[in-house]
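Same chain, two forms, each on its own as C-alpha cells: structure 1, then structure 2.
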Structure 1
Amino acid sequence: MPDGHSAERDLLQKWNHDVTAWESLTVAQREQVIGRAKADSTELSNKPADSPVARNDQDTFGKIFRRNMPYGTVTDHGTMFVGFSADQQRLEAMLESMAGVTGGVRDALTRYTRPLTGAYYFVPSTESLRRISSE
C-alpha cells in the first residue's frame, strides 16, 4: 500500500465437483491426480507434473494461506476456496499455472472440478483501518 502498511489480497472461488468421475477412479489414480498419498496426505516422491501439488508449489510461487470448505447437497456440491496473500500477483501466477497458461500443463484436478465463480478482494491492514476511522 502507498502508506507503507501491509494489506492482503484475497481470492475466493466456488468450485463444483464431478463426483461420479472422481469416484470412478481408484485410490492410486486419485493420488496421482492430487500428488499426495490419501492415507496421510504426504506429497508423493514422484509427484506428477500435472498434479495440483506440482502446479502450485509454494516454494516456487511464494507462500499463501489457503483453505477449502465443502458446500452443497448430495446432487450439487463442491468446494469454496479462499487464498490469502500480501501479493495478488502470487495468486494470479498460481491460477495461470493451474490453467496451463504457464508451462502448458493443465492441473489434472480440473478434469474433475470446475470453477463457478471467483473474485479478488482487498483487505486493508489494521493500521490503515485505524487511521481511516480516526479521520
Structure 2
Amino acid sequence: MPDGHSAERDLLQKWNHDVTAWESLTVAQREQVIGRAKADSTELSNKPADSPVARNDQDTFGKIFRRNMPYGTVTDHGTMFVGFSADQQRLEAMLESMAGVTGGVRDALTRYTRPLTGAYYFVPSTESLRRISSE
C-alpha cells in the first residue's frame, strides 16, 4: 500500500481452550480471569491487571469490531475470534498486550486457551462490494 498500511487488516484466529485447566478452577478464580461475575455478568469493581478488558482497553488501542464464535465438542473446543478494524496496528497492539510483550503483563486468558492459527485478511466493505457489483 502506498501509505504504508497493510490491506490485510482483519484478524481471524482459531483458539483452543484447555478444558481440564479451566474446569479445575473455582468459580471465583474464573471470575478473576474473565473480569465479570458468573451469576449475573456484572463487571468486577476491581478488575485484575491481567483481565482481558485491562489488557485490551479500546481507549488505549483504538476501536475494533470483534466476535467470538464457539466450535468443537464437549472435550475439545474453543473459539473462532474475528476482529475487524480499519487499521491492522490496533489488532497487532492488542495481541502484543495479551502476550505481555508490551506492558509486561500477560492476559490471564492465555493460560487457558491458545491460538492454533492466526492470519490477517482483507474483507471489503459492503459499500465497496455494492460499488463493484453495480459497475
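Since this is a predicted model, take the numbers as computed values, not measurements. Just so we're on the same page, residue numbers count up from 1 along structure 1's sequence. Rigid core (definition): largest C-alpha set, two forms, superposition within 1.5 Å.
- As summarised for this chain, the second structure is the form predicted in complex with protoporphyrin IX containing FE (HEM), and the first is not.
- Taking 2 Å as the criterion, residue 124 counts as shifted between the two structures: its C-alpha moves by at least this amount when the rigid core is aligned.
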